[in-house]
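One chain follows as C-alpha coordinates, the form predicted on its own.
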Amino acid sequence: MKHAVTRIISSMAAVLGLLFAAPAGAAGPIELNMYYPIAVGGPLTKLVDELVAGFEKENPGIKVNAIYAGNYDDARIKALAALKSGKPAQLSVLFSIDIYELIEQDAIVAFDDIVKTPEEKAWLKSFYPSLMANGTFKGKVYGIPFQRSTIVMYYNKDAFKEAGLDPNKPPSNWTELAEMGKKLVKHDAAGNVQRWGVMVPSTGYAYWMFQAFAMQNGQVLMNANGDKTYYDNPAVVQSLQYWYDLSHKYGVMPKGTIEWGTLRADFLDGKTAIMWHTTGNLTAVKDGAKFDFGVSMLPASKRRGSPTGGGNFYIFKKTTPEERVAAMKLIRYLTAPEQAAKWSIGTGYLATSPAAYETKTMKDYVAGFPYAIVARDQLPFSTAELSTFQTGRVRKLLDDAIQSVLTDKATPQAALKAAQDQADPLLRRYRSAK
(Lines give C-alpha, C1' and ligand atoms only; values in the text may rest on other atoms or scores of the structure.)
Protein backbone atom coordinates (compact mmCIF):
# COMPACT_ATOMS: atom_id res chain seq x y z
CA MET A 1 0.00 0.00 0.00
CA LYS A 2 0.91 -0.68 0.13
CA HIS A 3 3.46 0.25 -2.22
CA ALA A 4 8.08 1.74 -4.94
CA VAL A 5 8.58 4.00 -7.93
CA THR A 6 11.08 6.80 -7.98
CA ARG A 7 11.28 7.84 -11.58
CA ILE A 8 7.80 9.31 -11.56
CA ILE A 9 9.22 12.61 -10.27
CA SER A 10 10.57 14.17 -13.42
CA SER A 11 7.73 13.24 -15.75
CA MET A 12 4.91 14.18 -13.42
CA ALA A 13 6.57 17.44 -12.43
CA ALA A 14 7.17 18.35 -16.05
CA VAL A 15 3.85 17.42 -17.55
CA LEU A 16 1.22 17.72 -14.86
CA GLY A 17 1.84 21.45 -14.85
CA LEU A 18 0.00 21.62 -18.17
CA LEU A 19 -3.16 19.79 -17.26
CA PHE A 20 -6.10 22.11 -16.97
CA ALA A 21 -7.81 24.52 -19.29
CA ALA A 22 -8.86 27.88 -17.88
CA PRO A 23 -12.61 28.46 -17.84
CA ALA A 24 -14.04 30.82 -20.45
CA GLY A 25 -13.51 34.41 -19.53
CA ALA A 26 -10.79 33.72 -16.95
CA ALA A 27 -7.92 36.18 -16.77
CA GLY A 28 -5.29 33.47 -16.78
CA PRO A 29 -4.62 29.82 -16.03
CA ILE A 30 -5.73 28.24 -12.78
CA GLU A 31 -2.66 27.22 -10.84
CA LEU A 32 -2.90 24.06 -8.79
CA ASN A 33 -0.39 22.53 -6.40
CA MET A 34 -0.53 18.76 -6.11
CA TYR A 35 1.49 16.70 -3.67
CA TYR A 36 2.36 13.25 -4.93
CA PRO A 37 4.28 10.37 -3.31
CA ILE A 38 7.18 9.07 -5.34
CA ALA A 39 7.61 5.64 -3.72
CA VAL A 40 4.74 4.02 -5.57
CA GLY A 41 6.01 1.32 -7.94
CA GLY A 42 7.43 0.81 -11.54
CA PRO A 43 8.97 3.15 -14.14
CA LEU A 44 6.07 5.43 -15.03
CA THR A 45 7.62 8.25 -17.04
CA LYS A 46 6.31 7.21 -20.44
CA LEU A 47 2.93 6.18 -19.02
CA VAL A 48 2.40 9.44 -17.18
CA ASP A 49 3.48 11.41 -20.24
CA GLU A 50 0.84 9.63 -22.32
CA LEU A 51 -1.94 10.09 -19.76
CA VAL A 52 -1.14 13.75 -19.22
CA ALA A 53 -0.78 14.44 -22.94
CA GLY A 54 -4.27 13.06 -23.47
CA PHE A 55 -5.69 15.27 -20.75
CA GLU A 56 -3.76 18.29 -21.95
CA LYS A 57 -5.21 17.88 -25.42
CA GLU A 58 -8.70 18.00 -23.96
CA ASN A 59 -8.00 20.66 -21.31
CA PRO A 60 -5.12 22.93 -22.39
CA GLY A 61 -3.89 25.91 -20.40
CA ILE A 62 -4.18 25.30 -16.67
CA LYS A 63 -0.99 24.98 -14.68
CA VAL A 64 -0.42 22.28 -12.06
CA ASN A 65 2.67 22.25 -9.89
CA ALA A 66 3.38 18.62 -9.03
CA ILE A 67 5.31 18.52 -5.76
CA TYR A 68 7.03 15.20 -5.04
CA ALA A 69 7.76 14.66 -1.41
CA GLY A 70 9.06 11.14 -0.79
CA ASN A 71 6.91 8.27 0.41
CA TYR A 72 3.30 8.45 1.52
CA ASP A 73 4.15 9.55 5.05
CA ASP A 74 6.50 12.24 3.78
CA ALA A 75 3.90 13.51 1.33
CA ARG A 76 1.23 13.73 4.04
CA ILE A 77 3.49 15.61 6.43
CA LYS A 78 4.61 18.08 3.78
CA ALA A 79 1.11 18.63 2.40
CA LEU A 80 -0.27 19.38 5.87
CA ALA A 81 2.68 21.67 6.60
CA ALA A 82 1.95 23.57 3.39
CA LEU A 83 -1.69 23.98 4.41
CA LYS A 84 -0.61 25.57 7.68
CA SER A 85 2.02 27.76 6.01
CA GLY A 86 -0.47 29.58 3.80
CA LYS A 87 0.77 27.96 0.59
CA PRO A 88 -1.68 25.08 0.35
CA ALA A 89 -2.04 22.38 -2.23
CA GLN A 90 -5.36 21.93 -3.96
CA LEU A 91 -5.24 18.16 -4.35
CA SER A 92 -2.99 15.26 -3.52
CA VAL A 93 -2.51 11.53 -3.78
CA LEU A 94 -1.93 10.34 -0.23
CA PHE A 95 -2.30 7.09 1.65
CA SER A 96 -5.87 5.82 1.71
CA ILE A 97 -5.36 5.30 5.45
CA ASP A 98 -4.66 9.00 6.00
CA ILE A 99 -8.37 9.77 5.93
CA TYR A 100 -8.87 10.06 9.70
CA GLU A 101 -5.93 12.37 10.22
CA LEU A 102 -6.97 14.53 7.29
CA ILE A 103 -10.52 14.77 8.62
CA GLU A 104 -9.29 15.54 12.13
CA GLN A 105 -7.10 18.30 10.71
CA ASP A 106 -10.17 19.63 8.82
CA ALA A 107 -7.96 19.52 5.73
CA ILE A 108 -10.11 17.82 3.10
CA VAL A 109 -13.55 18.22 1.57
CA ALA A 110 -16.03 15.43 0.91
CA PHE A 111 -16.59 14.67 -2.75
CA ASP A 112 -20.30 14.43 -1.98
CA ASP A 113 -20.17 18.18 -1.35
CA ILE A 114 -18.53 18.85 -4.73
CA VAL A 115 -20.37 16.62 -7.19
CA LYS A 116 -23.53 18.15 -8.59
CA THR A 117 -24.71 16.48 -11.79
CA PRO A 118 -26.23 12.99 -12.06
CA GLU A 119 -23.18 11.99 -14.11
CA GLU A 120 -20.81 13.10 -11.34
CA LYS A 121 -22.86 11.32 -8.71
CA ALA A 122 -22.82 8.14 -10.78
CA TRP A 123 -19.03 8.45 -11.14
CA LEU A 124 -18.72 8.61 -7.37
CA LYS A 125 -20.40 5.20 -7.17
CA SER A 126 -18.48 3.61 -10.04
CA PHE A 127 -15.53 2.22 -8.04
CA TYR A 128 -15.12 -1.15 -6.36
CA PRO A 129 -16.80 -0.96 -2.92
CA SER A 130 -13.83 -2.58 -1.15
CA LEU A 131 -11.57 0.18 -2.51
CA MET A 132 -13.96 2.84 -1.25
CA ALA A 133 -13.90 1.57 2.33
CA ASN A 134 -10.73 3.49 3.20
CA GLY A 135 -12.05 6.66 1.58
CA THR A 136 -15.46 6.82 3.26
CA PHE A 137 -16.36 8.19 6.68
CA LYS A 138 -19.86 8.44 8.12
CA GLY A 139 -21.43 7.91 4.73
CA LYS A 140 -19.42 10.54 2.87
CA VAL A 141 -16.64 9.96 0.33
CA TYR A 142 -13.41 11.82 1.09
CA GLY A 143 -10.95 9.79 -1.00
CA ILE A 144 -11.12 8.54 -4.59
CA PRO A 145 -9.09 5.36 -5.25
CA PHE A 146 -6.25 5.71 -7.73
CA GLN A 147 -3.08 3.67 -7.20
CA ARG A 148 -4.61 0.85 -5.21
CA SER A 149 -3.42 -2.64 -4.48
CA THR A 150 -3.88 -5.87 -2.63
CA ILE A 151 -1.18 -8.27 -1.49
CA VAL A 152 -0.68 -11.17 -3.88
CA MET A 153 1.55 -14.24 -3.87
CA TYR A 154 4.30 -14.38 -6.49
CA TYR A 155 5.90 -17.79 -7.03
CA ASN A 156 8.73 -19.21 -9.09
CA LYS A 157 7.32 -21.95 -11.32
CA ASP A 158 10.77 -23.22 -12.22
CA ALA A 159 11.53 -23.72 -8.53
CA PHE A 160 8.25 -25.60 -8.14
CA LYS A 161 9.20 -27.95 -10.98
CA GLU A 162 12.65 -28.48 -9.49
CA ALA A 163 11.07 -29.38 -6.13
CA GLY A 164 8.66 -31.85 -7.74
CA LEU A 165 5.63 -29.60 -7.23
CA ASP A 166 2.92 -28.77 -9.72
CA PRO A 167 3.85 -25.29 -11.06
CA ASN A 168 0.21 -24.53 -11.71
CA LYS A 169 -0.95 -25.30 -8.17
CA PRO A 170 0.48 -22.78 -5.68
CA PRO A 171 -0.39 -23.23 -1.99
CA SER A 172 -4.04 -22.45 -1.35
CA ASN A 173 -4.02 -22.65 2.45
CA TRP A 174 -1.68 -22.28 5.41
CA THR A 175 -0.96 -26.00 5.67
CA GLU A 176 0.06 -26.21 2.02
CA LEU A 177 2.20 -23.08 2.35
CA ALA A 178 4.24 -24.71 5.10
CA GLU A 179 4.41 -28.13 3.42
CA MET A 180 5.31 -26.83 -0.03
CA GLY A 181 7.66 -24.31 1.50
CA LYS A 182 9.72 -27.11 3.03
CA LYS A 183 10.16 -28.75 -0.37
CA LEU A 184 11.09 -25.44 -1.96
CA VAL A 185 13.94 -24.69 0.46
CA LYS A 186 17.23 -25.42 -1.28
CA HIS A 187 20.61 -25.96 0.41
CA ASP A 188 24.15 -25.99 -0.94
CA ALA A 189 26.65 -28.77 -0.29
CA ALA A 190 27.62 -27.21 3.03
CA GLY A 191 24.02 -27.09 4.21
CA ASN A 192 23.57 -23.35 3.77
CA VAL A 193 20.22 -22.14 2.48
CA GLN A 194 20.47 -21.00 -1.13
CA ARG A 195 16.75 -20.51 -1.63
CA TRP A 196 14.00 -20.09 0.95
CA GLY A 197 10.52 -21.48 0.50
CA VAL A 198 8.67 -18.25 1.25
CA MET A 199 9.38 -14.69 2.32
CA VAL A 200 6.87 -12.24 3.79
CA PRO A 201 8.29 -8.73 4.38
CA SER A 202 8.17 -7.46 7.95
CA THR A 203 9.69 -4.00 7.61
CA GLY A 204 8.09 -0.95 6.05
CA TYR A 205 4.54 -2.30 6.03
CA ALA A 206 4.55 -5.12 8.57
CA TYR A 207 1.06 -4.21 9.76
CA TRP A 208 -0.24 -4.54 6.17
CA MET A 209 1.17 -8.02 5.72
CA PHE A 210 -0.13 -9.00 9.12
CA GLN A 211 -3.62 -7.84 8.21
CA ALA A 212 -3.59 -10.52 5.53
CA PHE A 213 -2.76 -13.25 8.06
CA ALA A 214 -5.41 -11.97 10.47
CA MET A 215 -8.11 -11.70 7.80
CA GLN A 216 -7.29 -15.20 6.55
CA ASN A 217 -7.86 -16.34 10.11
CA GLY A 218 -11.25 -14.62 10.14
CA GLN A 219 -10.51 -11.43 12.10
CA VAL A 220 -10.28 -7.76 11.17
CA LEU A 221 -7.92 -5.50 13.13
CA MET A 222 -10.13 -2.42 13.56
CA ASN A 223 -13.73 -1.27 13.39
CA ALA A 224 -15.27 0.81 10.62
CA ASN A 225 -15.36 4.00 12.72
CA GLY A 226 -11.61 4.03 13.26
CA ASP A 227 -11.91 4.16 17.05
CA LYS A 228 -11.24 0.57 18.15
CA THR A 229 -8.63 -2.11 17.47
CA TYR A 230 -8.65 -5.86 18.07
CA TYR A 231 -4.95 -6.57 18.34
CA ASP A 232 -5.27 -9.07 21.20
CA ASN A 233 -8.15 -11.06 19.73
CA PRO A 234 -7.30 -14.81 19.97
CA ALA A 235 -7.54 -15.23 16.18
CA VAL A 236 -5.08 -12.35 15.74
CA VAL A 237 -2.67 -13.92 18.22
CA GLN A 238 -2.91 -17.22 16.34
CA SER A 239 -2.12 -15.40 13.10
CA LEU A 240 1.09 -13.92 14.46
CA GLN A 241 2.04 -17.31 15.88
CA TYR A 242 1.71 -18.82 12.40
CA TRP A 243 3.87 -16.10 10.86
CA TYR A 244 6.50 -16.79 13.52
CA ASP A 245 6.20 -20.54 12.96
CA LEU A 246 6.99 -20.22 9.26
CA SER A 247 10.59 -19.56 10.23
CA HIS A 248 10.97 -21.10 13.69
CA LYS A 249 8.82 -24.24 13.40
CA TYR A 250 8.61 -25.05 9.69
CA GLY A 251 11.95 -23.56 8.62
CA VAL A 252 10.62 -22.24 5.31
CA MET A 253 11.41 -18.56 5.92
CA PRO A 254 14.52 -16.86 7.35
CA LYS A 255 14.39 -15.87 11.01
CA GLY A 256 14.21 -12.23 11.98
CA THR A 257 12.86 -9.44 9.81
CA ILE A 258 12.66 -9.39 6.01
CA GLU A 259 13.12 -6.10 4.18
CA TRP A 260 10.21 -4.76 2.17
CA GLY A 261 12.43 -2.74 -0.15
CA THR A 262 14.74 -5.57 -1.22
CA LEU A 263 12.34 -8.50 -1.33
CA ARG A 264 11.38 -8.07 -4.98
CA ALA A 265 15.06 -8.21 -5.93
CA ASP A 266 15.52 -11.30 -3.75
CA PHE A 267 12.64 -13.01 -5.53
CA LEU A 268 13.98 -12.10 -8.96
CA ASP A 269 17.43 -13.33 -7.89
CA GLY A 270 16.01 -16.71 -6.89
CA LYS A 271 16.60 -16.29 -3.15
CA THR A 272 13.02 -17.25 -2.36
CA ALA A 273 10.55 -19.38 -4.29
CA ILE A 274 7.50 -17.49 -2.99
CA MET A 275 7.02 -13.92 -1.90
CA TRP A 276 4.05 -11.97 -0.64
CA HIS A 277 4.08 -8.45 -1.99
CA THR A 278 1.95 -5.69 -3.45
CA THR A 279 0.34 -6.15 -6.83
CA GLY A 280 1.96 -2.78 -7.56
CA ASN A 281 5.11 -4.81 -8.30
CA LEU A 282 3.40 -6.92 -10.95
CA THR A 283 4.70 -5.12 -14.01
CA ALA A 284 8.21 -4.85 -12.55
CA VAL A 285 8.26 -8.60 -11.83
CA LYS A 286 6.88 -9.34 -15.30
CA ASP A 287 9.63 -7.26 -16.89
CA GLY A 288 12.42 -8.48 -14.60
CA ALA A 289 11.85 -12.22 -14.11
CA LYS A 290 14.28 -14.51 -15.93
CA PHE A 291 12.20 -17.52 -14.97
CA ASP A 292 8.61 -18.65 -15.39
CA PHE A 293 6.55 -17.20 -12.56
CA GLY A 294 2.98 -17.27 -11.33
CA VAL A 295 0.73 -14.99 -9.33
CA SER A 296 -2.10 -16.12 -7.11
CA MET A 297 -4.36 -15.02 -4.32
CA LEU A 298 -2.96 -15.39 -0.83
CA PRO A 299 -3.53 -18.74 0.89
CA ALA A 300 -6.41 -19.23 3.28
CA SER A 301 -6.75 -20.35 6.86
CA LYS A 302 -10.42 -20.04 7.74
CA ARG A 303 -10.94 -17.98 4.56
CA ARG A 304 -8.97 -16.04 1.99
CA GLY A 305 -8.06 -12.48 2.80
CA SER A 306 -5.92 -9.46 2.01
CA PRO A 307 -6.12 -5.80 2.95
CA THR A 308 -6.40 -3.27 0.20
CA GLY A 309 -3.63 -0.69 0.05
CA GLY A 310 -2.25 2.28 -1.80
CA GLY A 311 -3.26 5.87 -2.41
CA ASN A 312 -6.39 7.97 -2.89
CA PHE A 313 -6.99 11.36 -4.42
CA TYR A 314 -8.02 14.03 -1.91
CA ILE A 315 -9.15 17.61 -2.51
CA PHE A 316 -8.18 20.10 0.20
CA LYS A 317 -10.63 22.51 1.79
CA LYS A 318 -8.54 25.60 1.12
CA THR A 319 -9.57 25.70 -2.52
CA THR A 320 -11.71 28.04 -4.58
CA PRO A 321 -14.76 26.69 -6.43
CA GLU A 322 -12.82 27.03 -9.69
CA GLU A 323 -9.89 25.07 -8.30
CA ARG A 324 -12.20 22.30 -7.16
CA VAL A 325 -13.70 22.04 -10.63
CA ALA A 326 -10.21 21.82 -12.12
CA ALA A 327 -9.12 19.22 -9.58
CA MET A 328 -12.23 17.16 -10.28
CA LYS A 329 -11.43 17.25 -14.02
CA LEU A 330 -7.99 15.79 -13.37
CA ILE A 331 -9.24 13.12 -11.00
CA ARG A 332 -12.10 12.10 -13.24
CA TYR A 333 -9.81 11.88 -16.25
CA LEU A 334 -7.17 9.75 -14.53
CA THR A 335 -9.77 7.40 -13.05
CA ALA A 336 -11.79 7.04 -16.26
CA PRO A 337 -11.93 3.44 -17.53
CA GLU A 338 -9.45 3.81 -20.39
CA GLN A 339 -6.88 5.71 -18.33
CA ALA A 340 -7.34 3.37 -15.37
CA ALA A 341 -6.71 0.41 -17.66
CA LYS A 342 -3.51 1.95 -19.01
CA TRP A 343 -2.37 2.77 -15.47
CA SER A 344 -3.00 -0.79 -14.29
CA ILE A 345 -1.17 -2.31 -17.24
CA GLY A 346 1.80 0.00 -16.82
CA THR A 347 2.17 -0.48 -13.07
CA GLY A 348 0.40 -3.60 -11.83
CA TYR A 349 -1.87 -1.56 -9.58
CA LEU A 350 -5.56 -2.31 -9.67
CA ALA A 351 -7.80 -0.63 -12.18
CA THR A 352 -10.20 0.83 -9.66
CA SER A 353 -13.55 0.36 -11.40
CA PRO A 354 -15.30 -2.61 -13.01
CA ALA A 355 -15.69 -0.54 -16.19
CA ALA A 356 -11.91 -0.39 -16.61
CA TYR A 357 -11.76 -4.18 -16.88
CA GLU A 358 -14.40 -4.06 -19.63
CA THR A 359 -12.28 -1.89 -21.90
CA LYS A 360 -10.75 -3.49 -24.96
CA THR A 361 -7.35 -2.31 -23.74
CA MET A 362 -7.62 -4.31 -20.52
CA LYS A 363 -9.33 -7.32 -22.08
CA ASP A 364 -6.59 -7.66 -24.66
CA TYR A 365 -3.90 -7.38 -22.00
CA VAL A 366 -5.54 -9.93 -19.70
CA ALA A 367 -5.91 -12.36 -22.61
CA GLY A 368 -2.12 -12.43 -22.91
CA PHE A 369 -1.29 -11.98 -19.21
CA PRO A 370 -4.03 -13.48 -17.00
CA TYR A 371 -2.21 -12.58 -13.78
CA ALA A 372 -3.32 -8.99 -14.32
CA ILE A 373 -6.69 -9.81 -12.76
CA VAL A 374 -5.55 -11.78 -9.71
CA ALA A 375 -5.66 -8.72 -7.45
CA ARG A 376 -9.08 -7.76 -8.81
CA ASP A 377 -10.43 -11.25 -8.21
CA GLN A 378 -9.15 -11.06 -4.64
CA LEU A 379 -11.21 -7.93 -3.89
CA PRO A 380 -14.27 -9.89 -2.67
CA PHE A 381 -12.02 -11.34 0.05
CA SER A 382 -10.40 -8.03 0.91
CA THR A 383 -10.76 -5.70 3.86
CA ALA A 384 -9.93 -2.05 4.39
CA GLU A 385 -6.32 -1.30 5.24
CA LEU A 386 -5.61 -0.65 8.93
CA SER A 387 -6.74 2.90 9.55
CA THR A 388 -7.87 4.61 12.74
CA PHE A 389 -7.74 7.96 14.40
CA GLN A 390 -4.17 8.50 15.59
CA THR A 391 -3.25 6.16 12.73
CA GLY A 392 0.50 6.65 12.86
CA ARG A 393 0.80 5.88 16.56
CA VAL A 394 -1.73 3.05 16.55
CA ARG A 395 -0.12 1.46 13.50
CA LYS A 396 3.39 1.72 14.94
CA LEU A 397 2.28 -0.14 18.05
CA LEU A 398 1.34 -3.09 15.85
CA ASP A 399 4.48 -2.84 13.70
CA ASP A 400 6.63 -2.91 16.84
CA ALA A 401 4.71 -5.85 18.26
CA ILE A 402 5.15 -7.87 15.06
CA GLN A 403 8.86 -7.19 14.85
CA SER A 404 9.40 -7.97 18.53
CA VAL A 405 7.88 -11.39 17.97
CA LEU A 406 9.75 -12.17 14.76
CA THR A 407 13.03 -11.22 16.44
CA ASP A 408 12.34 -13.41 19.51
CA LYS A 409 11.89 -10.53 21.95
CA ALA A 410 8.30 -11.32 22.91
CA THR A 411 5.58 -13.93 22.49
CA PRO A 412 2.66 -13.17 20.18
CA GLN A 413 0.21 -13.02 23.05
CA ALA A 414 2.33 -10.69 25.19
CA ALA A 415 3.31 -8.40 22.31
CA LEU A 416 -0.22 -8.02 20.97
CA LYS A 417 -1.75 -7.50 24.41
CA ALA A 418 0.77 -4.72 25.08
CA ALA A 419 -0.06 -3.12 21.72
CA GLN A 420 -3.79 -3.30 22.42
CA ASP A 421 -3.35 -1.90 25.93
CA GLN A 422 -1.53 1.12 24.47
CA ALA A 423 -3.83 1.61 21.48
CA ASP A 424 -7.04 1.59 23.49
CA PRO A 425 -6.48 4.81 25.47
CA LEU A 426 -5.40 6.60 22.28
CA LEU A 427 -8.75 5.78 20.68
CA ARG A 428 -11.07 5.89 23.70
CA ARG A 429 -11.71 9.60 23.50
CA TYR A 430 -12.99 9.27 19.93
CA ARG A 431 -15.56 6.75 21.14
CA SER A 432 -16.62 8.88 24.10
CA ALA A 433 -17.02 11.93 21.88
CA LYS A 434 -20.05 10.41 20.12
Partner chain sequence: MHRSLLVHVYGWLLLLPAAVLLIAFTHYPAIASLAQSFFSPKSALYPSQFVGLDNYATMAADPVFWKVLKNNVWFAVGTVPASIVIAITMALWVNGRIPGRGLVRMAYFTPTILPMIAVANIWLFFYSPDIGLIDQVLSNFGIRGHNWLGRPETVMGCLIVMTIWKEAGFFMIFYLAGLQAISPEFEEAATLEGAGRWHYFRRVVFPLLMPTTLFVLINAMINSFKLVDQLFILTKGGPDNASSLLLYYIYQVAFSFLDESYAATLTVVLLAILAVLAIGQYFLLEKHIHYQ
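Positions refer to the first chain, counted from 1. Worth saying up front: this structure is predicted, and the values here are computed from it rather than measured.
There is also a form predicted together with its partner chain; it is not shown, and the following applies to it.
Its partner chain is not drawn, but in the model of the complex it has a heavy atom within 4.5 Å of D188.
In the model of the complex, its partner chain stays beyond 4.5 Å of every heavy atom belonging to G218. Proximity of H277 to its partner chain in the model of the complex: non-hydrogen atoms within 4.5 Å are absent; the residue sits far from the partner.
Put simply, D266 is close to its partner chain in the model of the complex: some heavy atom of it is within 4.5 Å. Residues with any non-hydrogen atom within 4.5 angstroms of its partner chain in the model of the complex fall in just one of 290 to 298, 326 to 334, 115 to 123, 99 to 107: 99 to 107. The contact residue chosen from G204, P88, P167, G251 relative to its partner chain in the model of the complex is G204, the criterion being a non-hydrogen atom within 4.5 angstroms. Among the residues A372, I30, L51, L406, the one placing a heavy atom within 4.5 Å of its partner chain in the model of the complex is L406.
Residues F389, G392, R393, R395, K396 of 365 to 396 are found to place at least one heavy atom within 4.5 Å of its partner chain in the model of the complex.
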